[in-house]
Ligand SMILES: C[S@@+](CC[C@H](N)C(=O)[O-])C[C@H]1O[C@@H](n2cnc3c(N)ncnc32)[C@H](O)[C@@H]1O
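First, one chain by itself: the form predicted alone, in structure tokens.
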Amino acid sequence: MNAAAGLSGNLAIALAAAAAAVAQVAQGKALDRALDLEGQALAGPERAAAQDIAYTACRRLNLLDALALRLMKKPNPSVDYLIRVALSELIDHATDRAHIVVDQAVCAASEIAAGAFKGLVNGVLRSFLREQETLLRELRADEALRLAYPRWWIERVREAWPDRWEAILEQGNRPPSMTLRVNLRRSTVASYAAELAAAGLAARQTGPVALTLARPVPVSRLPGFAEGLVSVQDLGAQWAAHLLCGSLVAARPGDARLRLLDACAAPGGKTAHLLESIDCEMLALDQDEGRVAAIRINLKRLGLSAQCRAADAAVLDTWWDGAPFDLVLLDAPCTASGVVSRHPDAKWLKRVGDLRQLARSQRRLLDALWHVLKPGGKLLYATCSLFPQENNQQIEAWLGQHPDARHLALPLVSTPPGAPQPLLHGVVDQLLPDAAHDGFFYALLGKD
């Protein structure tokens, strides 16, 4: 059941805020930025409900577009997205809370143009309730509407993963788990698990420093979060630091000469995890100064330090001092096709042509960053993508042009008893999304 279900009178506020955010996604804005609700006077429950409604609606946005087209005689920019988010809520709550959703959507409409659209919103939603079964059956006969993905996306996933494509797409439409990364410089997994238990939060260990909560909670409820004991980071994303640090012949604590580069670092989760794992000199880059500021904020909370700079990692003369790096992490820009449960807007913001453009950007970064890696050093190429064009095909083509590069076997990482075992999907570098983690690709490259 979603966060809006118990709000009743406050649901109107949440519906209006969610509608505004989804409208911005339809115009090309990322959902997390569209959901910046700081300028709106929303209480905690209203804010949580608005976010939940918006994310749920974005997961099925093409279906909501089709429903609105069937139910409305012509578009009405004033209430189009209020109707869409209300329809989304009715799909999930038509039997138990339909009257509340309709009533509160009408209340939200009453704030628009002196209530001129109350009748329209009421009529459309009640028409849907009368025809729901027939409408949904007819529309879901279309594969793209049934699966809630663009047609090109479905085709690419089916081509890449013919035996698992439906499970992958279904997982992308489920709310993600909430996994924490314990900061071993300030706590231990066992002691922090005890703090969670004392706070009434059930969790289980799912990775070397990972605890997955039984259900997501606001970070304000996490004991010691402000003091840097823990961070929120998906289990799949945590493998970046484990694999890169595990690739060292031997750990070298206290060796300040070990130089690391996180080339596309914002918002700093992987940077922080690396710094929590080994002693090193770290340079964290990102093109956007505002996102670099976010890296600094995250590191400060965790009691960590790194040199952080705003620069295009592929333009070496704007940031590189000529001193080579021992380890490089390239978390390359990609389609985000492996993290759509967490970023459902990616399905609608990306186009098939973006695959080619992103592949060119990835190749440009790989070519440039290979120059800053010392002989004997290692570069970990990472994406949160499921598409071979960004992953194994990219690496195979790149290796063909770099005779001094070797595709290394990923190091074994010990996992807790009963925890999910990673990287077991046939392609050694590909982590497919499931209930435990998002989808990621990792390729470890060694320089002769």
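Residue positions are given as counts along the sequence shown, with the first one as 1. Keep in mind the model is a prediction, meaning the values are calculated, not measured.
This protein has a second form, the form predicted in complex with the named molecule, left out of what is shown; the following refers to that one.
- Out of the listed residues Q287, S277, S110, N122, Q287 is the one that sits within 4.5 Å of the named molecule in the model of the complex by at least one heavy atom.
- Residue K270 is the only one of H343, R97, K270, K378 with a heavy atom lying within 4.5 Å of the named molecule in the model of the complex.
- Using a 4.5 angstroms limit between non-hydrogen atoms, A359 is distant from the named molecule in the model of the complex.
- Residue contact with the named molecule in the model of the complex: R301 places no heavy atom within 4.5 Å of it.
- Proximity of A265 to the named molecule in the model of the complex falls within the 4.5 Å heavy atom cutoff.
- In the model of the complex, none of the heavy atoms of D234 sits within 4.5 Å of a heavy atom of the named molecule.
- Proximity to the named molecule in the model of the complex, taken as heavy atoms within 4.5 Å, picks out 326-334 from the listed stretches 148-156, 168-176, 326-334, 88-96.
- Applying a 4.5 Å heavy atom cutoff to the named molecule in the model of the complex picks out R364, L365 from 354-372, in order along the sequence.
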